[in-house]
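Shown here is one chain on its own, the form predicted on its own, set out as structure tokens.
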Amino acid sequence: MNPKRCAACKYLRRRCPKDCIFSPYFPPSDPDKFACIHRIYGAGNVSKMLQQLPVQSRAEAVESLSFEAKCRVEDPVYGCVGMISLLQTQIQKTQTLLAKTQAEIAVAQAKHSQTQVNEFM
């Protein structure tokens, strides 16, 4: 067994070639990352996706696939869409609260400036 095999090759129980497309993105220290991606997408599909991308975009694509796969494992129905929806709801609630707070500040400032004008007279 070669201790330098990437997590993908270890998981697939094969030798890791020098030009392994998985090795830069699936280090042996993080085997769960590849296992999760493989469970959702399959090794062949991931390999094809990575080969179609420019080298500079592959790391980001792997991180995206990893996030989406983990979300899909945790929530098989909605996956990452469920999390995105939850975050959008939180953003809307926060924006509403911010608008209310800004309105309250504007009213308080108007009252304060009105009081100062009345004190001048």
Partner chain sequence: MRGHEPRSSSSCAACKLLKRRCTPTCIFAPHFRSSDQITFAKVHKVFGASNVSKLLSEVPEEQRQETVNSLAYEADVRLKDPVYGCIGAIASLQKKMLELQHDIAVARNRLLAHNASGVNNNNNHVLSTLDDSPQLAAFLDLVPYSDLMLLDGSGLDAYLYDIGPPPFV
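Numbering follows the first chain given and starts at 1. Given the structure is predicted, the values throughout are model-derived calculations rather than measurements.
The next section is about a form of this same protein that is not shown, the form predicted in complex with its partner chain.
- The shortest heavy atom separation between residue 95 and its partner chain in the predicted bound form is within 4.5 Å.
- At a distance threshold of 4.5 angstroms between non-hydrogen atoms, residue 55 is out of contact with its partner chain in the predicted bound form.
- Interface residue remark: residue 111 is counted as part of the site for its partner chain in the predicted bound form, having a heavy atom within 4.5 Å.
- Although the partner is absent here, residue 14 sits far enough away that none of its heavy atoms falls within 4.5 Å of its partner chain in the predicted bound form.
- Shown here without its partner chain, the chain has 57, 60, 61, 63, 64, 65, 67, 68 in 54 to 70 lying with a heavy atom within 4.5 Å of that partner in the predicted bound form.
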